[in-house]
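Shown below, as structure tokens, is a lone chain in the form predicted on its own; questions about how it binds or moves come after it.
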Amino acid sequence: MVQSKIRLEHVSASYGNVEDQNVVQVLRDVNLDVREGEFVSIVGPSGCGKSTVLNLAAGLWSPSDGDLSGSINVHHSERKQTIGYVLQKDALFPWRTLIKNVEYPLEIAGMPRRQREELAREWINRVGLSGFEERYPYQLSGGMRQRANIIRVLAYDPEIVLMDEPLGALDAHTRMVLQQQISDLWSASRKTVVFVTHDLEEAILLSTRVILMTKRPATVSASRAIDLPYPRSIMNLKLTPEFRSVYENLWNEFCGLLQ
């Protein structure tokens, strides 16, 4: 049986000051089960609480008390580092070079210097950044920084990877390049990935399953398997009738959530 890596059961969440009666309910009765090796994308209207789901899964936020009930179980192994979180904006340290940024989590984990440098160089090469190892973040383009942001998380080999709209701020060409790299990296590793995006097309291109969420207070409206084979060529896949069929069906469902 395939193990569940993240499971939300009847989760509700809110923020604000209860005393001032200024509470905003973000999630309502959310049920979500992410199994080992899945690439699950969460799509929903802006502000519906997609990022909140990731924050709950990362243990950065807890379900609300009072009349908002729920529970979340994040299944951990005995390893110290099990979850990696890729944010919307790169969080590279400006005082560290590219290679030193990629090495940072490995350094914190206590990996010997030579070993972590070799591993960092391997990941840098995999995403086409060889030759920029000694450059600082300000000397890199936005797409290059985001590649570094992604591989810094993947390099220390977390069991679960959470990605919060990591490509949202990029231009169309760079975005497609990174979509292909993310797809290739996932195909090689089969990590458990939860990917938040506002772009339904991107979700279909990358994922094994797409979750549709309603407007706030959000709940899960639909869970749809994406039965398109891997490895995927992002450019070629977009032109196939199979992709268009999946996209049209999900788009019609998604539009219904916005009514």
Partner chain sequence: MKRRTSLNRIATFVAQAAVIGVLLVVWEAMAGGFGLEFKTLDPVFFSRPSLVASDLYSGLLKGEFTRDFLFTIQTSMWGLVLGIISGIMIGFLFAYLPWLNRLFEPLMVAFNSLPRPALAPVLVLILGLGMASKIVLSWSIVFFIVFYNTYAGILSVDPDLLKVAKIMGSNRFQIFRHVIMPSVFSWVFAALRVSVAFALVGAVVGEFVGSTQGLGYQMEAARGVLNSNRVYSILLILMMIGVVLTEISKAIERRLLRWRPPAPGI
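Just so it is clear, the structure is predicted and the values come from calculations on it, not from any experiment. Positions refer to the first chain, counted from 1.
This next part talks about the form predicted in complex with its partner chain, which is not shown.
Trainee: Looking at the partner-bound form in the predicted complex, is N55 within 4.5 Å of its partner chain by any heavy atom?
Mentor: Flag for N55 set to yes.
Trainee: Considering non-hydrogen atoms and a 4.5 Å limit, does its partner chain approach V153 in the predicted complex?
Mentor: Yes, V153 sits close enough to its partner chain in the predicted complex that at least one of its heavy atoms falls within 4.5 Å.
Trainee: Is I108 close enough to touch its partner chain in the predicted complex, meaning at least one heavy atom pair within 4.5 Å?
Mentor: Output for I108 is yes: heavy atoms within 4.5 Å of its partner chain.
Trainee: Heavy atom to heavy atom, is P112 within 4.5 Å of its partner chain in the predicted complex?
Mentor: Heavy-atom contact with its partner chain at 4.5 Å: absent for P112.
Trainee: Which one, V177, A91, L170, L119, lies within 4.5 Å of its partner chain in the predicted complex by heavy atoms?
Mentor: Contact check passes for A91.
Trainee: Which residues, if any, of 114-138 lie within 4.5 Å of its partner chain in the predicted complex when only heavy atoms count?
Mentor: Residues within 4.5 Å: Y136, Y138.
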